[in-house]
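Next up: just one chain, as structure tokens, the form predicted alone.
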Amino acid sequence: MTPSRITVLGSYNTDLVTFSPRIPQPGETILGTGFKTGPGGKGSNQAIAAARLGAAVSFIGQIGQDMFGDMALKAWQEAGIDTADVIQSAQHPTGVASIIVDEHGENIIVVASGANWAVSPADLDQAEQVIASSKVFLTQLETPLESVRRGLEIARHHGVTTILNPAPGQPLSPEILALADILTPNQTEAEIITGITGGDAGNACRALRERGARTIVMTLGSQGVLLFDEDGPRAFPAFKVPQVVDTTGAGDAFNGGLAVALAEGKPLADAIRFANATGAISVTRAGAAESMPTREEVLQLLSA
């Protein structure tokens, strides 16, 4: 069977990861327990997740002409991702993310976007043919919002299913929200979009629907996922794992898995379960892109 095509517009950042007993307080210096570098960025992570799950993946983005950009190209080549629409910029450095991971697997992240912020609407126009040939168009918010919007518009024009992962969280207009067939925030991101804080997940989803979102698939970490559409809320429990090692990239694994399942024509409820399993496996390993599971691993967890 020919793999379903997914196009991902998004970021690449080289992850600079320090492991630490705990997250330091402002002004505090503590000794870490390890350090590693690896490929990251929400868009790249989601593209690699989808490719490892068996999809044909095209990536749209920008990187620099530097050693971190070379790392990106190597990671995408190894994953089998089509990079014909990746621009290697001479004016901007490759993005980097400084990450601290504590002994419980929780993390804090600071991103320097670099070339990611040079992605323009014209880049999306140039990639219209590959977007039009896709089953699913997946994007996030680590590239300029006008470029995200243009990508969603092109996909919508060609009848391609659109997924918007609104991360990192920022206010979004009703027009942007309406371009996404599926919105995949966590609860914090939903609160940032709506400006409503302190409520429960259901209230946040209702507010998103009122602002133009169609179908919300809200990730809630260890509490699973809340689907909210015209039929109201439905909860999907998380898969239990023996140990959480690192939550970096878990949301990206989920989004990659969701895109793959929908591209293959699975009903949304089944796609969420597939995505839940993908995210669950990723937190049992250190790192972002390198933690993304294979299709065989996901199917094994689903059957168990």
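The numbering used is simple: start at 1 and walk along the sequence shown. Note that the structure is predicted; figures quoted are calculated from it, not measured.
What comes next is about the form predicted together with ligand RIB, which is not displayed.
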Next on the checklist: So if I measure heavy atom distances to ligand RIB in the predicted bound form, which of the stretches 108-116, 194-202, 122-130, 83-91 falls within 4.5 Å?
Outcome noted: 108-116
Checklist entry - Using 4.5 Å between non-hydrogen atoms, is Ser58 touching ligand RIB in the predicted bound form? => result no
Next on the checklist: I'd like to know if Ala288 sits close to ligand RIB in the predicted bound form, meaning any non-hydrogen atom pair within 4.5 angstroms.
Outcome noted: yes
Checklist entry - Quick one: is Ala97 in contact with ligand RIB in the predicted bound form, heavy atoms, 4.5 Å cut-off? => result yes
Item to check | Non-hydrogen atom contact Asn13 with ligand RIB in the predicted bound form at 4.5 angstroms | outcome: yes
Checklist entry - Considering only 52-90, what residues come within 4.5 Å of ligand RIB in the predicted bound form, judged by heavy atoms? => result none
